[in-house]
Each structure stands twice: as C-alpha cells, then as structure tokens.
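Only one chain is shown below, in structure tokens, and it's the form predicted on its own.
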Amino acid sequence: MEKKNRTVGLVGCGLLGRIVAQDIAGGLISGYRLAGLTDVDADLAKQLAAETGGTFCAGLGELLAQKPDLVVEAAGGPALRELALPVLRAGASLIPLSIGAFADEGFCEEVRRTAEEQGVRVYLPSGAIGGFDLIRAAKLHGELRATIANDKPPRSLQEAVPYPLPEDREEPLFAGSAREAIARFPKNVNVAVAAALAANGPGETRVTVSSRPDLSAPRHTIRLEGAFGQAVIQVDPKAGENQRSSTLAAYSVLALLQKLNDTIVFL
C-alpha cells in the first residue's frame, strides 16, 4: 500500500503550532508537507515560515488558497469558531486543538453537518490526555459514568480567577459539567471537553478543577465506571512555556497524522 502524500496548513504559530510545523518540516513523520501557515502575529508566522520552508500566509484565505489537505488549528477557541466552517467548505479536513469549542452543541452539529456535506472529516487529537479508545469502547458496552479531574499548579489557573490562589493548600475551583467548565475556564480544560465528547457528551460528563500547589505541572485524571467495569487514566504531562498547555498536545497531532498514513494502525 503506497503512502499518501498530504499537505498541511497551520493556523497558530505559538508553542504547539511551532512544534507541529518544525517536526513536519524535519521529517519526523513521513508523507506530509507543510503547505502554509498563518497567525494573528504576522511576524511570528513569518519567522516560523522561514525556519520550516512553509509559505507565510497573511490570513486564512491565503492559507486555503494553498489547497491544503488538512488544516491544524492551534490558535485558540475563538479562532477555531471562525475558521472551522471555511476550512471544511474549502475541502480540507480539520485537526483542532481547541476542542473545548465543541462543548457548544450547536457549533458542533454545524461543523459535523458541513464536514458531511463536503466529504471531509474533523479529526480530534488526544491532546494532553489519552484513552479515547477505551472510553468509546466502554460507552458502546453499556451505561457509562465518567468524571475528569483537572488539577493544576496555581500559576496556570491564576488568570482565570479574580483573587490570589493560595500557595500552601489545595483550592477547589469548580465542579460541574464539561460544558460549564469550558465556559468558566476557556483556556484550561480543552482536554476535559475532548474526553467528554468521547464519553457521555459535554453536558453529561462531570468535571472538577482544582489548584494544587504541590504540582509543578497539570494532572488529568479520568475515572470511568460502567457495564464494562472500572478504569482510571491519569496523565501528568509536563507543562509547556505558557504553563497552560502541554507539549504532548502537539505530539498528539503528529501521532494522529502518522496514524492517517500508516498501514498498521493503532486505534
């Protein structure tokens, strides 16, 4: 089976986008070429384009003019809401990192419908967690209860609360649905929404958020209980430069791209 050669467009040239672009350009995964990249910070995009050999694009229109097969979004929830439908209507499949935007049921359904109409797909990477295969299998097995705990050091949550977070004790900040969580913490719980989409949906999956001074990086714990039995998935990824996102999220995009081109595929 001959591997396909695909082109990738990138929206967002910060920490995660930079990793994706550099590793595609560096040949970490075969069968892909960086078609173009864009960012609201034009200088950032121009610099990354120069480093990787990709084409700098002044905006989404110029990027889509490169006719990429896939577009990776690493620019944040508001950007994803603006670009998702134009990308799909242009005939490109979409790989979003700001999965929290899909907690909006109306937006998620519009994206699904548009992708179906255009014959393209939306691929959700695992981000800084994992276990989507187990969650989905457990859901098909029967009744499933899923909770996702997001425990983070105070500095990664501080801008989301109006008061100084304590440095000497744990501070529970939130307990509710994944949909409520992403509304309250739009930059901090994308992974919770991703897991919720694989489980019972953002409205039915319970999420907690806590500030933990004893942690130096985020910790994500998924607890499953149902007809299949019980499972606990805990991931302690290292935080990236911005303290909110793990670089593991970028590598989950690269792993997804590799999966799309492999002959033997791990699902």
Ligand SMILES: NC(=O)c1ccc[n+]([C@@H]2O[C@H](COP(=O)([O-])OP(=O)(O)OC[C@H]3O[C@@H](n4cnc5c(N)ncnc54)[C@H](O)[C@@H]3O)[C@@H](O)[C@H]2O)c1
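Note that residue numbering follows the sequence shown and begins at 1. What you are looking at is a predicted structure, and each value in this text was computed from that prediction instead of being measured.
The protein also exists as the form predicted together with the ligand; that form is not presented, and the subsequent description refers to it.
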- Message: Which is the contacting stretch out of 164-172, 125-133, 111-119, 141-149, given heavy atoms within 4.5 Å of the ligand in the model of the complex?
- Response: 125-133
- As a check of understanding, the residue in A103, V71, A74, A181 with any heavy atom within 4.5 Å of the ligand in the model of the complex should be identified as A74
- the ligand contact at D43 in the model of the complex, heavy atom, 4.5 Å: no
- Within a 4.5 Å heavy atom cut-off, is R155 in contact with the ligand in the model of the complex? no
- Message: in the model of the complex, does G9 come within 4.5 Å of the ligand, counting heavy atoms only?
- Response: no
- Just to confirm, V87 within 4.5 Å of the ligand in the model of the complex by heavy atoms? no
- Task: Can you work out whether the ligand is within 4.5 angstroms of a heavy atom in all three of Q22, A49 and L257 in the model of the complex?
- Result: no
- Query: What are the residues of 84-106, in order along the chain, with a heavy atom within 4.5 Å of the ligand in the model of the complex?
  - Reply: L97, S98, I99
